[in-house]
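One chain follows as structure tokens, the form predicted on its own.
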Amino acid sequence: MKIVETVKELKKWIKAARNEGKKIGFVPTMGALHEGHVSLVKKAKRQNPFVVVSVFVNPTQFNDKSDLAKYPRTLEFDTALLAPTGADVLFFPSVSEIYPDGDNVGADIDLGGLDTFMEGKFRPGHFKGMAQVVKRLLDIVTPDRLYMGQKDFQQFSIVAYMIRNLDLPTELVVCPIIREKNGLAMSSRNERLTRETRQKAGLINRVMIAVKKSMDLKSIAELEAYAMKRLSTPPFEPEYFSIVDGYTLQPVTSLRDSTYVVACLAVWADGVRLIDNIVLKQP
């Protein structure tokens, strides 16, 4: 696996792969990798002869700069974790490589209003920054397929919209959530939880499963109220539990409102913000 720090060098390797007729898979990350990321890379490698993984902590998607400062940076560990996956290139750029003309350029991407609910309500500007860096990375890597995890449901929904709206020549492949033994969705942020909180955090998945089991017996409002109450168990403080249309991300009032319904949530614990989701109904 080659470690590349500049756009110029990365494009050299991509050009060589293209000249050999290879399809390119791409997995964008912010580092602090875990088995969830590994599963994305392995799937990318199964479907593409040439795979690029990026590690870039994108400053434009942090509305809280203290969160940016605390975000773990573990390149040595990340490199060791990626080595057995078959990834061909690890792209580890500086901010100036990604934003040579300043980080305001390219921040005006149309997100179709999908950024105004749930995460967007509590993290203003986050999705603008996320879409900005994903578009920039897609322009650099020019992949045939882009791999993202289901855990960030709103994020991949927005990226899918951007790809369709801009008619980008990249297929988005969404991969299942990888969970810890207690059901907690794997996340780089989990490392900041205390051991006790991390063990208790299986509650989040148990609540989602309970909601799914009860979805034909209770109204949407009752399900959301139940989840918020169950998640209000110390040390957890829920920010939202929203049942939404899986396409528009708009709240639904009944399961009959849509063929695709998803429950999404955000919960605080130990000063760490955890997100998760479960599909309640799909075509």
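Each residue number is its position in the shown sequence, starting from 1. Keep in mind it's a predicted model, so treat the numbers as computed, not measured.
One more form of this protein should be noted, the form predicted together with a small molecule, which is absent from this view; the next part is about it.
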query	finding
The small molecule contact in the predicted complex: Gly120, any heavy atom under 4.5 Å	no
Interface membership of Asp103, the small molecule in the predicted complex, 4.5 Å heavy atom rule	no
4.5 Å heavy atom contact, Lys151 to the small molecule in the predicted complex	yes
The small molecule contact in the predicted complex: Ile98, any heavy atom under 4.5 Å	no
Options 240 to 248, 210 to 218, 223 to 231, 27 to 35; stretch whose heavy atom lies within 4.5 Å of the small molecule in the predicted complex	27 to 35
Contacting member of Ile178, Leu90, Ile140, Ile163, with respect to the small molecule in the predicted complex [4.5 Å, heavy atom]	Ile178
Interface residue in the predicted complex among Leu193, Leu203, Met186, Leu111, criterion: non-hydrogen atom within 4.5 angstroms of the small molecule	Met186
Site check Leu40, Tyr71 and Gln155: each within 4.5 Å of the small molecule in the predicted complex by heavy atom	yes
